[in-house]
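First comes one chain, alone, set out as structure tokens in the form predicted alone.
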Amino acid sequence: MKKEIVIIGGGPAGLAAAVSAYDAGVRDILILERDETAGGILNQCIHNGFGLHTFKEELTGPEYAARYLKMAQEREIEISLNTMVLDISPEKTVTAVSPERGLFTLEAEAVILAMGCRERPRGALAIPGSRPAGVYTAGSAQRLVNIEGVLPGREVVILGSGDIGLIMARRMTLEGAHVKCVAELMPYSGGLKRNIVQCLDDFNIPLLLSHTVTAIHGKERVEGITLAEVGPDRMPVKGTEEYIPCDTLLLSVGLLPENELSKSAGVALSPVTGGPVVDETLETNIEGVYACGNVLHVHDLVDNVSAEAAKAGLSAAAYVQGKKTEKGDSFRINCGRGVRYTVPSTVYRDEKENVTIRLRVDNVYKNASLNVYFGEEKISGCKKNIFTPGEMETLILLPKQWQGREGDLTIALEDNA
């Protein structure tokens, strides 16, 4: 079977990309979603805070997902649920399986990767101890509470201060559990400032920076954990160990873009983000294969996911319609001081539209400027009181800023005088 655009993933990125491609004139679109419902992780995110940028109002996760699902249904975009994609070839042949169709293949003119991300598990942390019940990733606990109606535990410690961990500290508290603390390995939180305030400060939950769990105690069920301070080398400091009794440990220790399928297709991945390397059209190194959302890099706001996915949908539509501009010379976007990564990493000089650059810093910087240079020439910059790794930064690059200039672009943080 042939399809013009096949989208892998029916979460917020996949739905937004499909709607955008449809509105650009492509009608032969198929979304492949492995779950029994579309909407992705938003279906279990029942807290509010979504949609302020996209819809100019505050929505819960399911409400936000429902908005995009309704848009897709109004356009009669085909969504194949309970469908697991097994392989994507470099020639854009998609192999999938579902209860209704069995094993089948699709020949796509363009593929949009929108598989989202997954949580880093306990096994990646190498925490000493046995394997008792009561150790969950924060996302798993969120599904248990919000979808299954099950409270995982009563006395809770959370390791990691990512947004999901912060949100689950509040959620567990509201359901009657006692969250003893949130411990964070780094000297700064990995979550949004608003979540620290609304989920921890408002409920008097301690945030212990530069701390980690060094042991899990218990055989059948978690009985407690050992918490210790860490030094600048992120290694436990001897003599700072403290035993904390608890029956549940939630892990919020990072999200990883889900790119096993991308690897099978031969997509080049960034060693920093774990997501595909893309140009300003969000095209990967394989022609006609695009990436967007958390499979590309982990976002802090779903509104940014939708905006990025809309760009991927437009680019894929232009590709299948033969409107894609031939690529000529390009310039790289280099990461200077304090910048961990940028998306995209290259821009073609023939591009005639504004380019949105999203990036994260590698530490906390106070009273600093994020400056953009072509060679030695500064072309733009923005000042802020504080830059943190938990908050994604967005820059808009105008064509006039690169037209007629040679060399590459560099983005760097500099201290304000």
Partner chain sequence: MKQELTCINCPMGCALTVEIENGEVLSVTGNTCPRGDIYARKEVTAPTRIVTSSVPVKGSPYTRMVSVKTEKDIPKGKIFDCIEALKGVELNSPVHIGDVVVTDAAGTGVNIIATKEA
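Residue numbers count along the first chain shown, from 1. A quick note: this is a predicted structure, and the numbers were derived from the prediction, not measured.
What follows is about the form predicted in complex with the partner chain, which we do not show.
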Just one of Asp28, Asp350, Glu63, Asp362 has a heavy atom within 4.5 Å of the partner chain in the predicted complex. Which one?
-> Glu63
Contact residue in the predicted complex, chosen from Pro187, Gly123, Gly149, Gly328 - any heavy atom within 4.5 Å of the partner chain | Gly149
Within 4.5 Å of the partner chain in the predicted complex by heavy atoms, the stretch out of 283-291, 261-269, 83-91, 139-147 is 139-147
Decide whether Gly39 counts as a contact residue for the partner chain in the predicted complex under a heavy atom distance cut-off of 4.5 Å.
-> no
Close approach of Phe203 to the partner chain in the predicted complex, 4.5 Å, heavy atom = yes
May I ask you to check whether Thr173 falls inside a 4.5 Å heavy atom distance of the partner chain in the predicted complex?
-> yes
Cys335 within 4.5 Å of the partner chain in the predicted complex, heavy atoms = no
Could you list the residues in 175-209 that come within 4.5 Å of the partner chain in the predicted complex, counting only heavy atoms and keeping sequence order?
-> Glu175, Leu192, Lys193, Arg194, Val197, Gln198, Asp202, Phe203
